[in-house]
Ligand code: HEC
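The data below hold one chain only, encoded as structure tokens and taken in the form predicted on its own.
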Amino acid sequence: MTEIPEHLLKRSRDRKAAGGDASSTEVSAGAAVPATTGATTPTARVLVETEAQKPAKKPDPAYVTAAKTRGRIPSWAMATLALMPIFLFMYVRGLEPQKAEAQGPIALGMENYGACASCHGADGAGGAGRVLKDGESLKTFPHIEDMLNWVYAGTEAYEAAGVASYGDPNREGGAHYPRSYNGGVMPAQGEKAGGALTEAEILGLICHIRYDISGADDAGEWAEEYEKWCSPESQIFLDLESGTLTFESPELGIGTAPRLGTPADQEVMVAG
């Protein structure tokens, strides 16, 4: 402990007596004053050296800085982005050519074909009933009038009338007989024959089978038939709907009584 010199104590007492502020200069007798030196303590030196040894912090790369300073995506933008797949799907669908909606007799036939699908298949591939697709019904019935007569009357009426075949008797592979396929029966569809369809509905059904399922070309070989019987503007269809014409009208060449079919190279005989 170091003694404070007497003259310093005296100077402090004199200053205090003179009214001066001695709080910062007065030192009590016997108080120890720590000695100060210019030397750095070992602990301080270690701290300084440690700080000096730390590597300088590298600045963030430009892309990190940009990410940190970039504003957040607003919530409405996130909702828009979530709907983008739907917009894209609708856009692509809009670019696809839309198939024309069926009208006239074919549209009516599509509504009624469900009853035929159980035997002939939804796509006409056959089953209990004969195959209709890939031109098969066109080979059997090169004339639509013969197909209308067969579907109106059905198997049992043909057998009862003693009619041995239906459709083209010269069909490739041989003529078709009323019960020649799996022993199955073609039910009569005409109302007067015990069926459930009107004559206009039977025409629509046959048009759907020939042009949608069997593949007749309405702009090629079968264009004349299509315009006359199956187009939306078909006058025959409109007259059958209104009752102005019936299958028994001689000018149509259909008839409701079972009859032999017509070869492809001959004209249909008009019923008398």
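Numbering starts at 1 and runs along the sequence shown. Predicted model, so just to flag it, every value in this text is computed and none were measured.
Beyond the structure shown, there is the form predicted together with the ligand, which is absent from this document and is the topic of what follows.
Asker: A125 versus the ligand, in the predicted complex: is there a non-hydrogen atom within 4.5 Å?
Answerer: Close contact is absent here: in the predicted complex, A125 is far from the ligand, nothing within 4.5 Å, heavy atoms only.
Asker: Using the partner position in the predicted complex, report whether R130 sits within 4.5 Å of the ligand, counting heavy atoms only.
Answerer: Although the ligand is absent here, R130 would touch it in the predicted complex, with heavy atoms inside 4.5 Å.
Asker: Can H176 be called a contact residue for the ligand in the predicted complex at 4.5 Å between heavy atoms?
Answerer: Residue-level check for H176: yes, a contact with the ligand.
Asker: Applying a 4.5 Å heavy atom distance criterion, does G184 contact the ligand in the predicted complex?
Answerer: It does: once the ligand is placed as it appears in the predicted complex, G184 has a heavy atom within 4.5 Å of it.
Asker: Of Q103, N170, S180, T80, which one comes within 4.5 Å of the ligand in the predicted complex, counting heavy atoms only?
Answerer: Comparing distances to the ligand in the predicted complex, the residue within 4.5 Å is S180.
Asker: Given that the ligand is left out here, which of L240, L205, A216, C230 has a heavy atom within 4.5 Å of it in the predicted complex?
Answerer: Contact with the ligand in the predicted complex is made by L205 alone.
Asker: Let me know which residues along 187-214 have a heavy atom within 4.5 Å of the ligand in the predicted complex, or say none if there are none.
Answerer: Heavy-atom contacts to the ligand in the predicted complex: P187, Q189, L197, L205, I209.
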